[in-house]
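Before any questions on binding or motion, here is one chain by itself as structure tokens, the form predicted alone.
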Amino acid sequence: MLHTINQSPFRGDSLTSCIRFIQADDPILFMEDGIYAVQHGNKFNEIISNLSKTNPIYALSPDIKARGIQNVLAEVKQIDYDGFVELVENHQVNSWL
């Protein structure tokens, strides 16, 4: 199952909720304001690093650029809209709103 997180972890608990239900090897995609979780140098870095040991972590690159984020965690694969479509085609989606 593909888990998408579109809310900032600083303003909601989507990331925390996702972590409670995620299974090993389920990909996680951060998009919209959710990408603030993968910005290097914040309090969520350890959580993301630990998740990356069992789950692929993605972030939508147009959303990263739109928010002016320069430094994303190395464990996070940045994808474009084609990559997003590919993930959705290959996985059932659970959106954490």
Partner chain sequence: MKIGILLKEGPYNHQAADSAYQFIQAARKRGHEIESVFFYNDGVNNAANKAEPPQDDRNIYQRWSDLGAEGVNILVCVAAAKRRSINEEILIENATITGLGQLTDIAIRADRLVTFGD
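Bear in mind the structure is a predicted one, so any value in this text is a computation, not a measurement. Positions refer to the first chain, counted from 1.
The protein also exists as the form predicted together with its partner chain; that form is not presented, and the subsequent description refers to it.
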- For residue 85, is any heavy atom within 4.5 Å of its partner chain in the predicted bound form, or not? yes
- Does residue 40 make contact with its partner chain in the predicted bound form, using a 4.5 Å heavy atom cut-off? no
- Query: Looking at the partner-bound form in the predicted bound form, is residue 10 within 4.5 Å of its partner chain by any heavy atom?
  - Reply: no
- Item | in the predicted bound form, residue 31 touching its partner chain (heavy atom, 4.5 Å) | yes
- Judged by heavy atom distances of 4.5 Å or less, which residues of 67-97 approach its partner chain in the predicted bound form? 67, 81, 82, 84, 85, 86, 88, 89, 90, 91, 92, 93, 95, 97
